[in-house]
Ligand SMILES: Cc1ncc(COP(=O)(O)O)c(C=O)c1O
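So this first bit is one chain, no partners, the form predicted on its own, shown in C-alpha cells.
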Amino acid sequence: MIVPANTWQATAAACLDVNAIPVLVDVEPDTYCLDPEKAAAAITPRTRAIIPVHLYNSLADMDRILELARQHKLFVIEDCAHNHGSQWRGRGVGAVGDIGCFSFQSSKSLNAGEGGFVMTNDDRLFERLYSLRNCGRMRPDADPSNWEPVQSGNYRISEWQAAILLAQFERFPAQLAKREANMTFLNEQLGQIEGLKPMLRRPQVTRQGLYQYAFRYDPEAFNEVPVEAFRRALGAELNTSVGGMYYPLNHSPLYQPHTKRRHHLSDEYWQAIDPKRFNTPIAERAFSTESVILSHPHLLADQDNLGDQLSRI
C-alpha cells in the first residue's frame, strides 16, 4: 500500500495490521501531501491501494491519484482525519475515493475524545465495513449477495460519543466558514513576509477545513535561525504552542514495526516493512527545517486579532 511519509503513524500501522507492506512515498514540497509522481514510481504489480492523507490545511491531488488508481486498478483510501468539511471539486473529502476515514480524537475540529468514522459509496464495501465494526455481524437488512462472514471485533462508536458529535454539527458550518476565511487572510498576509510561504491551495479545493494551520519557513531569509528557534519565539509572542511537522515515518520514534515480533511473517516481509529503507528528503526537510504549525482554534479569532498577532512576526 502506498502511504505518504508525512502522516501520523496510524496510517501506516493500519497496513501492518492486515499484513500489508506500507510503502513510504515522499510528499509535495508545497502541500506536504502525497506526491502523485513519486507514488506512480512506487507502484508495482503487488500494489493494492493508495492512501492519500489530506494533511493539516492541504488536500492531496485527488485528480492525479484517482487517475493512477484507475490505470493500475487500485483502491483509494482517503485519510481525512485533518480535513473535516473540506471539498474537492464540490465533493466532500472521504467521498472522492473508495473509502474515507475521519478521526474524532480530542484535538480535531470535530471531536468526541477518541474514535473515528469510515464512509464509502460502494455497497459491498459498506456491508464489509459494517461487519468489521460490529463483531462480524451482518447488517439486519443487508443484501446477502454483498456480504460474506468476517472475523472482527467491537469497533462501534458509543451513544455518548455520537451525541457529543451530533451536537457539534449545529455550530460546525459557521466555524468551518470562519476558519476558512481566516485561513485565506493568513495566507495573504504571510505571503507578503519574505521567508514565509503559505501552503498551496489548488483550484480544485472548493472548501477547506483543517486540523492545524501549516506554513513554510525559510531559514535563509532569517539569517539561518533554525526553525525550532523560530517556533519557540513565535509561540512566546503569541502565548501559545507552535509546533512542526510529524516525524517522517522512516525516522519516527512512534512507527517501529520491528518492535513487534508478530510482524515477522517471513524474512522477506520483515525487510520490506523496515521504514528506514525509504528515502524521503522532502518529508525530512519539512520536519527538520521548514514547517511551522498552529492549532485550529486560533482560526476562530477575529481577523483584527489575527492581524495584531501577525504584526509580531
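For every residue, the number given is its place in the sequence shown, counted from 1. In this text, all values refer to a predicted model and were calculated from it rather than measured experimentally.
What comes next is about the form predicted together with the named molecule, which is not displayed.
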Report yes if all three of A81, K108 and Y246 come within 4.5 Å of the named molecule in the predicted complex by some heavy atom, otherwise no.
yes
Hey, in the predicted complex, does L34 get a heavy atom within 4.5 angstroms of the named molecule?
no
Indicate whether the named molecule has at least one heavy atom within 4.5 Å of a heavy atom of S291 in the predicted complex.
no
Is there a non-hydrogen atom of A10 within 4.5 angstroms of a non-hydrogen atom of the named molecule in the predicted complex?
yes
Is S103 close enough to the named molecule in the predicted complex to count, meaning some heavy atom within 4.5 Å?
yes
Checked G92, G235, G115, P198 for heavy atoms within 4.5 Å of the named molecule in the predicted complex; positive is G115
Choose one stretch from 133 to 141, 213 to 221, 73 to 81, 189 to 197: the one whose residues place a heavy atom within 4.5 angstroms of the named molecule in the predicted complex.
73 to 81
Can you name the residues of 37 to 54 that have a non-hydrogen atom within 4.5 angstroms of the named molecule in the predicted complex?
V53
